[in-house]
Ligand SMILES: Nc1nc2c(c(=O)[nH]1)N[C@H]1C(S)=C(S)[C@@H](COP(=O)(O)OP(=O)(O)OC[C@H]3O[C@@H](n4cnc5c(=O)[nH]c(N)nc54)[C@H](O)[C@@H]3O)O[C@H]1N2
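Shown below, as structure tokens, is a lone chain in the form predicted on its own; questions about how it binds or moves come after it.
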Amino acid sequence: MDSLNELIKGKIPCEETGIQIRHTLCAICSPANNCGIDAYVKDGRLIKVEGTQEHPKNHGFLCTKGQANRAFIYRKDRILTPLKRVGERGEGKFQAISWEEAYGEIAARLNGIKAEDGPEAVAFFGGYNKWYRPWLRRFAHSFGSMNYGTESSTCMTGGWIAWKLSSGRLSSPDMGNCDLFLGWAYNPYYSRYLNVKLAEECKGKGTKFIIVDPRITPAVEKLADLHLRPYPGTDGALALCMANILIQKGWIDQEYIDTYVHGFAEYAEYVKNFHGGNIEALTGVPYVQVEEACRMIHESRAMAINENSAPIPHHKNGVQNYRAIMALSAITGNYDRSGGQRPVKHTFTHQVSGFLTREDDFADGTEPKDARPAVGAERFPLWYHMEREMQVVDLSRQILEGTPYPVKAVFAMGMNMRMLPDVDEWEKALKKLDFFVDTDLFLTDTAKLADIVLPACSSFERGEFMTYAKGYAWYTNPVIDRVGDSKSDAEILKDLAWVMNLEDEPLKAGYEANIRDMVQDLDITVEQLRESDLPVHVPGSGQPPMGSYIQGGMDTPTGKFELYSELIAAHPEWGLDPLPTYCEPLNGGDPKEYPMILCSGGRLPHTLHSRLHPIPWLRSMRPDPMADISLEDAREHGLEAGQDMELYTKNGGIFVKANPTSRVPKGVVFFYHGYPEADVNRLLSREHVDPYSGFPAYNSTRCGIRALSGSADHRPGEKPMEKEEG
């Protein structure tokens, strides 16, 4: 007995303990990772996780977030059954109901609003996790509404728009073959941890690293040969100055430009505005350092660029800054060249795997004809032209104002209003709705505003198709019992398609049948994938040879890399610039009253938005909401480590702890979002956005700080919020 207890205590898988190891994937963060998991399971419950050594993605590694899966799955606020609101919105008072009751009410209310106000009066939102997005998009279209949108209204898509404008296709750095890596906002030690191994291997082989980041990060300390520290939002000016130096010194590939690049003459004339006489004032980067970066580019054989689709677009000038950075790849002849930028196509749910599926055909197969344009189409016409979905940043305004038409209901899956600017306005908007449904694992503050809440299950509790780089695909099987009466998001959408009488037979057929249709062109079947305990290599997969895309003509109006966008030029009514022009990133306001720059979009290695803050051992790594400020700013404001301070903008203030550090520059405040009791997105305006993408300026907003005397749990003007938010 003692030996058995020791085996159980040690979580040793064997017949005696009844513990089994089953393989699945971690879906806490982006589908770009979805690392392999060894799930230690006893009596249908998860008791331990480890990384799967044989998995082609993570090779046994797991980040802190992945290690938290057991605590994540069994959080105390897991929703166990469908819920119906019985109190005021936001009170969190619900009664348990059956799935049949929930489906019946949802169908009656949504179909009723459609009959009275039109299908566009219902908006469909997809948040975390992202795996079900093609199904939700198709569901919205089959319902008749173009108002499908996701949290990618503030994440990643701004960068994709910039890529599509420039080259017609998303691209990625060919780090393994470069000898110079220009790491713009590059810090894999905090984000995309699996890149660390390759980066350090390249460093060991002699690859030079230029890191561009206002902060001193682990990437700066471990990798950088040169560190450029621009003020937040001035990346475009820095890139344009680099281009000017490269052009003036003749350190460009003129033959490549003449053959494959469009708009060089106009671009070369424009970049003359960024030079040694103004670049330090604009960006904070000394001109001699910019010159040194250009010398390193000139001396390199092949330069790859990490331009990062999260932090760079989160400015008023985000898309243009992004385009300016990517232009460096074109003028140096490094686009679609070995060791430069590799053009890629998505395989499935934003993964690049070296083969194609019919995902897009499925997702867009029922787009309604002659439907009213989606929310945000008038305000952000480039976004709508390229994405054909609503820009969610404009949804709260349209709900409250009712223009250009009313939105009376929202059907959401994994919605987190804390990921959007001006959270107070979002609360008002969601409370104004006639009907609001949210599907989630947890009873979040957003879910507490809903009329009906539906319980979703985790990736451990469902089967799921996934693809990985270098030609791998997988179809997982459930490895643990479902928590409560939860269902997968795809099951919910299939069930509702039947109850709501949507004329969409493929959607009604369900997830596995849809996947079977999507992979019909591959030399592998769903049955073969389900039989395997690990990802399977897809026969015939592989990337096209470097150079084939530019030689065959790019997916742009001119067939070339466009420094001057002919799409934008063809639409002067949009009021946008065809060249990657630069503008001041900060919002209005008195610089004397708001003398500092708030950068709120940074990463911490143990968090993801607000989804992991309620997990105690992760929260313990940074238990208090803390503002990182420079040592100089701390002295000027009389702030010591851990002291209470107010962080404020024109939208209001929050109360946080000071964290003086030598890692951040003077005049900039870095604050991590997602703390419910100090929600920085309450301070941000939905008006301070990029007109090209609609992305909020999370990373460059005017702000001020002031020391507070004493300590208090609640101060006048602060809105107390619970700490349990997902």
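Everything numeric in this text was worked out from a predicted model, so none of it was measured. Numbering starts at 1 and follows the sequence shown.
The discussion below concerns the form predicted in complex with this ligand, not included here.
Using a 4.5 Å cut-off to this ligand in the model of the complex, each of 155, 191 and 442 places a heavy atom inside that distance. Picking from 455-463, 345-353, 195-203, 159-167 the stretch near this ligand in the model of the complex, with a 4.5 Å limit on heavy atoms, gives 455-463. Residue contact check for residue 489: one or more of its heavy atoms lie within 4.5 Å of this ligand in the model of the complex. The shortest heavy atom separation between residue 127 and this ligand in the model of the complex is within 4.5 Å. Within 4.5 Å of any heavy atom of this ligand in the model of the complex lies no heavy atom of residue 541. This ligand in the model of the complex is not approached by residue 637, whose heavy atoms all lie more than 4.5 angstroms from it. For the options 391, 416, 357, 329, the one in contact with this ligand in the model of the complex, meaning a heavy atom within 4.5 Å, is 416. The contact residue chosen from 213, 562, 336, 120 relative to this ligand in the model of the complex is 213, the criterion being a non-hydrogen atom within 4.5 angstroms. Shown without its partner, the chain has 184, 185, 186, 187, 190, 191, 192 in segment 181-201 as residues with a non-hydrogen atom within 4.5 angstroms of this ligand in the model of the complex.
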